[in-house]
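Next up: a single chain in structure tokens, the form predicted on its own.
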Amino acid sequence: MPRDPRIVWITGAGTGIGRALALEYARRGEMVLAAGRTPGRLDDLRRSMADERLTCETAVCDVRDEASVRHVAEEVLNRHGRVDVLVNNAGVTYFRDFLDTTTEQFDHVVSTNLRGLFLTTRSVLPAMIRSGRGMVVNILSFAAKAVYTGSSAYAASKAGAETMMNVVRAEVREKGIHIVNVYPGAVRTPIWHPKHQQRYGERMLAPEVVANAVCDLTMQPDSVMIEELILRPQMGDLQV
């Protein structure tokens, strides 16, 4: 029996995994709200959608900014009445050793990867609880589970997000809410320096592979709680 399209809000949708997720969800007939900081990238996404005769809504949103997040959440809830799936995908990093990481870089990484996830989740969770259903998918990183030098701030932000969302899951699972943490290994996205993409690109996961797996897990029956998904390159970790 056909079902109504779900409302799927994806952060960091201008590039990489977020862009691939927006396209994949739209191909599956969902109503996509693609959010990102850069209007030009969102315009490019819309053009790609149009080429495939797909549509999506877009919104400029800086997940670090509470007012920006609140505005987007209010817009989508007023327009559609709900958010069925929130995909917390926005993320940044600097490949710097701990002693070379500046305070500004640390704050940028943590405010995007941890604070941003807090703000977006908090903006939609009350409506999900009222409806008795909903899903929050957090695109984290295998760096939350393993030690990668040159990524201390990034790893800390992702590990903090992991712990926070594990607690949220325990708080809301009896209210019908699903909290899913996804841990990709190296993915071929602009977060990597071009020299790393050139040298290791063939070993990295394609964003489309990650997007397809994430979409699949969000299609499971409500009676199933998939708590974690780990996706890693077949050849293992990269030494960059």
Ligand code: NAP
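The first residue of the sequence shown is number 1, and the count goes up from there. Treat the numbers as computed from the prediction; the structure is a model and nothing was measured.
Keep in mind that the form predicted together with the ligand is missing from the display, and what follows is about it.
With the partner omitted from this view, the residue of Val180, Cys56, Val214, Val187 that lies near the ligand in the predicted bound form is Val187 [heavy atom within 4.5 Å]. Out of the listed residues Arg70, Arg41, Arg203, Arg27, Arg41 is the one that sits within 4.5 Å of the ligand in the predicted bound form by at least one heavy atom. With the partner omitted here, the stretch from 88-96, 71-79, 166-174, 121-129 that lies within 4.5 Å of the ligand by heavy atoms in the predicted bound form is 88-96. The ligand in the predicted bound form is not approached by Ala22, whose heavy atoms all lie more than 4.5 angstroms from it. Among residues of the shown chain, Val32 is not one whose heavy atoms approach the ligand to within 4.5 Å in the predicted bound form. Although the partner is absent from this view, Asp62 contacts the ligand in the predicted bound form, with a non-hydrogen atom inside 4.5 angstroms.
Though the partner is left out of this view, Arg46 does not reach within 4.5 Å of the ligand in the predicted bound form, counting heavy atoms only. Residues Ile139, Leu140, Ser141 are the members of 120-151 with a non-hydrogen atom no more than 4.5 angstroms from the ligand in the predicted bound form.
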